[in-house]
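Considered here are two forms of the same protein chain, supplied as structure tokens in two stand-alone entries, structure 1 and structure 2.
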Structure 1
């Protein structure tokens, strides 16, 4: 028989792995890739670093504008949070911001971009003032009636764009923005017309009476703070603990998938928008009854942007909205102090807020992406398979 066996070749000595070549820093290549779910401690660390960077940039801007560097810590921390009067001013300013921020959080959770927060605020304040002007209800019930009317009218003003979106597919960004103008012009029509204060002839409504004002809790802290805290807890429970909140998170993550598995997406979106409108109306009530004591022509200015900002920075989390609203209110109060003592223009205060927003928004990019080093061609040639 023929021998078909193949003689074995002599063993070949395996080459020793090449020593990795040194790669200069500037010649290194990096690739941007999407992260998986990042653990919350790392998210908190990245967010804190972003806030620190924003504060450092803001400090540099203020120093360049003439504020002594050794006074910045005193102005931002000592005078704002350790001085009783200024701390009460922060809480006073934060109460409506918490409500308007919660309104943004609830609507954005349903992927409804409610930019009509200011218009819904306006209608809430108008409804509360109507109860006062027309003397509706007995005196002991006047304040609850103003509260209910503000929530109801804010809710109704948000129902229109929600219906247009769900039934006709109208872009809610356009419709809610346009409704802001309608509400603002109707407010001007009232304060320059039928509701102009006859005592002073200035364009604002008559002063609310004592039983129509939100009372103080003591130590100069208004009950608006308590109201905002209770509403924040209810919003947290509704969004984070209730079944509707669980469905809402499903809708936020993937509305098409949620609809496919039987989640009532349309009803959830409508409910979230109506709650958002009611919260905005309550913010208007808090300003009219708790701060101004009457309906004024420009009380709502800037609150819509603040609500969107707070919801964005808090990532639509109700308790996060409370913390961010306190931070924004502190910046506002500190900015007023800088205006008085260092003649800093208010636009500088807005610039500082914008810097912090940009830094925090940038942190979202690093939470979702990462840079991974990729070996260059020279490195791959020196070390096969090396990356």
Structure 2
């Protein structure tokens, strides 16, 4: 289509004129530039700085809220990481965190904003509890059944919004969030109704029996931790090494392009969302069977956001998610102890996570842009005073 007889326009970029020796401060101009890929050590440094700033801001808020500054370091670092029992508590807490974080990673890789992690988690726990309450299956098969039921129901609860998005283009942000509220209310319906514990009349299900609990494996490590580790490795293989994972990267980069080159985009997105739902369901199972030993009314609180945060900070990388999940788990454990000793509400944990996300998200700007001083118009023209 190009008409070669038309002369090309003269090159726009000409050599920059020599900068004058003195330039008044006010006439200096800074241009914001989009820069190319930054070398990874710089990226890591900026990321680390952002996290540190986030933690410092959080620490300032905590001190303002009445936690003695010298106790803060003690609570978070010494008590949480250097005490054997508390370290086990962090690992214990990390198992569902890893699962929910992986659930976030998988869905976000397919550009699907699955904000329904909590709802899918609630259904996973409900399904696992149903197996216990209705005494389904023989004893040795009980745990596998609970596992399968939790994954299946988490998957089913994510199917709806995925289908609505792919078929009708319904915004998944709203639909998955609304489904969270539906799931939470259904949970309340159960624990205040048919499944209320007859032994204590408290709004939680009866205690699971011993063979319905995830067993300890020795050295205080629960099988939930092992499960989370195995799932993390599988997820890593799935998104980093398998063919589907490679295709997912196409979809993430440019869905229209991926579709054009023959990648089955819709099927991939659907599969990713279903896997995400199943993983959330498993997180619910781990909390019900591994931690609480029953279905409780508010067990899911805060996990949805933590899942999103973990996936975001880990850049949707499964092994990164494991590392971030450990940190978030430590934050949860510290948060509980702050709640007990200083009456700091648990919402503080949410606040700290949000502050870190704000810092890290903002730091992206400095990875993608740079400020470059350019000669002012006046200096370029060489006529002082002309604007």
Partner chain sequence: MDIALHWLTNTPDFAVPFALAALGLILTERAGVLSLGAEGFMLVGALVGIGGMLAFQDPAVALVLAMMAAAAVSLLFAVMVVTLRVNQVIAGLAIVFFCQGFTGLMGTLLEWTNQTTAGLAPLALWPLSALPGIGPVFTQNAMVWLTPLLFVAVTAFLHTTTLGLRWRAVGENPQAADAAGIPVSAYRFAAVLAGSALVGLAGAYISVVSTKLWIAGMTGGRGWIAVGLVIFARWSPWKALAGALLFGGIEALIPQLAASGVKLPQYFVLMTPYAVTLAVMVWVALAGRGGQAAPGALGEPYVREERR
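Here, rigid core means the biggest group of C-alpha atoms that superpose within 1.5 Å across both forms. Residue numbers count along the first chain shown, from 1. If you're wondering where the values come from, they're calculated on a predicted model, not measured in any experiment.
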Which block is the form predicted alone? Structure 1
Comparing the chain between the two structures, one rigid part rotates relative to the other; which of 61, 308, 326, 143 lies at the hinge?
326
Whole-degree angle by which the smaller rigid part turns once the larger is superposed between the two structures:
13
Can you give the C-alpha shift of residue 49 between the two structures in Å, rounded to one decimal, after superposing the rigid core?
2.9
